[in-house]
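In the form predicted alone, a lone chain appears below as structure tokens.
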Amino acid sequence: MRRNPYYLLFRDLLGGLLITLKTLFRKPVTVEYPRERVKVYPSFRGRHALVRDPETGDARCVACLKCVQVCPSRCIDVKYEIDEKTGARIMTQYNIEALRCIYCGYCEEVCPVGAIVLTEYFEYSVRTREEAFFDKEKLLKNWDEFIAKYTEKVYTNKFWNLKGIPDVLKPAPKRKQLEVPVKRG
């Protein structure tokens, strides 16, 4: 028994039209954004921010450069100076080029002191490349804007202490729970 060579073409065409007909009567999956708000899930990673230390008022960063080393897109640049008295590193510049960032969150996970955060803030846009370049002051300002809308009394990022890793395997600063008290002004 020999089939017509147009049989396969007709069958595929009919199958495609059937799929189109089915999806024609389904509810659309798109969201009309300005009118309908998108639900932001807890695992969302948005605009970058440097966590402000409530005691000193400056960034928590200790210039360990782990975020720079782990960043796959190489969008983080940190400059530091050595304190002559204590020998500790003091961060002087912290720059993130947001257009190069892939928002993977590795910087957040690797930071031993919880200095960098990818906030849940997603409604930001820029018109020039310079606006997408975050320096230390902009990153601290981003933190202030984010924490002002935060409703809890203490901020704890779920990526600072990953579940499933025993405390003995964590570095010393991450063994204790990293929390930032929220000051209301």
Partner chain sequence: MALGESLPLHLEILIVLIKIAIVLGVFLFHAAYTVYAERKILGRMQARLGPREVGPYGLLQPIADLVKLLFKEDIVPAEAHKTLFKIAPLLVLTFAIVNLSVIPFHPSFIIADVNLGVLLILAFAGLGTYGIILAGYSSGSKYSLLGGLRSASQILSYEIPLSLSLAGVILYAESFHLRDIVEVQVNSLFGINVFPQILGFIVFLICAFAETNRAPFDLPEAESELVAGYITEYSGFRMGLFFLGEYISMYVMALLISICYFGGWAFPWWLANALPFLKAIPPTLVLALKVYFFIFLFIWVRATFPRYRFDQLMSMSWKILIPLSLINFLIVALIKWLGV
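Positions refer to the first chain, counted from 1. What you see is a predicted model; the values in this text were computed from it and never measured.
Not pictured, yet referred to below: the form predicted in complex with the partner chain.
Q: Taking heavy atoms only, is residue 32 within 4.5 angstroms of the partner chain in the model of the complex?
A: Yes, residue 32 sits close enough to the partner chain in the model of the complex that at least one of its heavy atoms falls within 4.5 Å.
Q: Just checking whether residue 42 would be counted as a contact of the partner chain in the model of the complex - the rule being heavy atoms within 4.5 angstroms.
A: No, no contact at 4.5 Å.
Q: Within a 4.5 Å heavy atom cut-off, is residue 24 in contact with the partner chain in the model of the complex?
A: The answer is yes: residue 24 has a heavy atom within 4.5 Å of the partner chain.
Q: Though only this chain appears here, would residue 57 touch the partner chain in the model of the complex if you measure heavy atom gaps against 4.5 Å?
A: Although the partner chain is absent here, residue 57 would stay clear of it in the model of the complex, with no heavy atoms inside 4.5 Å.
Q: I need the one stretch from 60-68, 24-32, 138-146, 152-160 whose residues put non-hydrogen atoms within 4.5 angstroms of the partner chain in the model of the complex.
A: Looking at the partner contacts, the answer comes out as 24-32.
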